[in-house]
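Next comes just one chain, in structure tokens: the form predicted on its own.
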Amino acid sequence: MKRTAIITGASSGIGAAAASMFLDAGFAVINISRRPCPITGVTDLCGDLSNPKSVQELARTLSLQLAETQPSSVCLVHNAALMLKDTADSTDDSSLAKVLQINTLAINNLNRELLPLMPSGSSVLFVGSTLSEKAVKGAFSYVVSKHAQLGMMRATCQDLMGRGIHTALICPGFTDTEMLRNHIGQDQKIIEAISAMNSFGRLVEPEEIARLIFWSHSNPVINGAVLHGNLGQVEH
């Protein structure tokens, strides 16, 4: 009857930080990603979220584990994401489909298989972005997918009414992760520029978002809410 946290993309960044936090709190933690989690004690369930067959296999394995272990609560954290550099007038269908597969369809598959096995007191937490509610140029497919996650979170909240399972969308600002640094090409000038776009003049730390994720699981009062963790971004 141990509490369980299932986190996609816990191999680095926000996911790894969240895995560490849940583990320290006594949760059994399962990482779903292509690479293992660097945190000792986390169970790795390696697979490719960009491959529908792989996602289905992952979902079935997880559902069997939940049916067997019957945890007292489950925190399902949809954290894995793909971000491409693309635009509305250049994105081909296959690229958009790949982003949507990882950022939305894999979520739907996991939810469909796991929600029936999640007891009251559980949560489904989506790690979105400030781009879940606005847009910037050069990230077309990512923006589309993150807006879709907002709709998924709200619709899931409504469909789960009365079951004691709450949802939330956690929206990090510019966070010091591998994905961000790869997206901007490790350009220090760009890092300094985007760090200046909030009131503290720095990137958000993965551990700060992890604390917000952990808090959200324990506080069902935020059911259906959008929670921004961006240090107060300057709006233009």
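Throughout, we count residues from 1 along the sequence that is shown. Nothing here was measured: the structure is a model prediction, and the numbers come from that model.
Note that the form predicted together with a small molecule isn't included here; everything after this is about it.
A.B. asks: Answer with one of 49, 210, 169, 29: the residue that has a non-hydrogen atom within 4.5 Å of the small molecule in the model of the complex.
C.D. replies: Filtering the options by heavy-atom distance leaves 49.
A.B. asks: Quick check for you: of 139 to 147, 159 to 167, 108 to 116, 84 to 92, which stretch puts a non-hydrogen atom within 4.5 Å of the small molecule in the model of the complex?
C.D. replies: Result for this chain: 139 to 147.
A.B. asks: So in the model of the complex, is the small molecule close enough to residue 179 to count as touching (4.5 Å, heavy atoms)?
C.D. replies: Looking in the model of the complex, residue contacts with the small molecule include residue 179, since a heavy atom lies within 4.5 Å.
A.B. asks: Quick check on residue 11: any heavy atom within 4.5 Å of the small molecule in the model of the complex?
C.D. replies: Judged by the heavy-atom cut-off of 4.5 Å, residue 11 is in contact with the small molecule in the model of the complex.
A.B. asks: Does residue 153 reach the small molecule in the model of the complex, with heavy atoms at most 4.5 Å apart?
C.D. replies: Although the small molecule is absent here, residue 153 would stay clear of it in the model of the complex, with no heavy atoms inside 4.5 Å.
A.B. asks: Do residue 76 and the small molecule share at least one heavy atom pair within 4.5 Å in the model of the complex?
C.D. replies: Residue 76: no, not in contact with the small molecule in the model of the complex.
A.B. asks: Within 4.5 Å of the small molecule in the model of the complex - does that hold for a heavy atom of every one of 33, 102 and 175?
C.D. replies: Yes, each of 33, 102 and 175 comes within 4.5 Å of the small molecule in the model of the complex.
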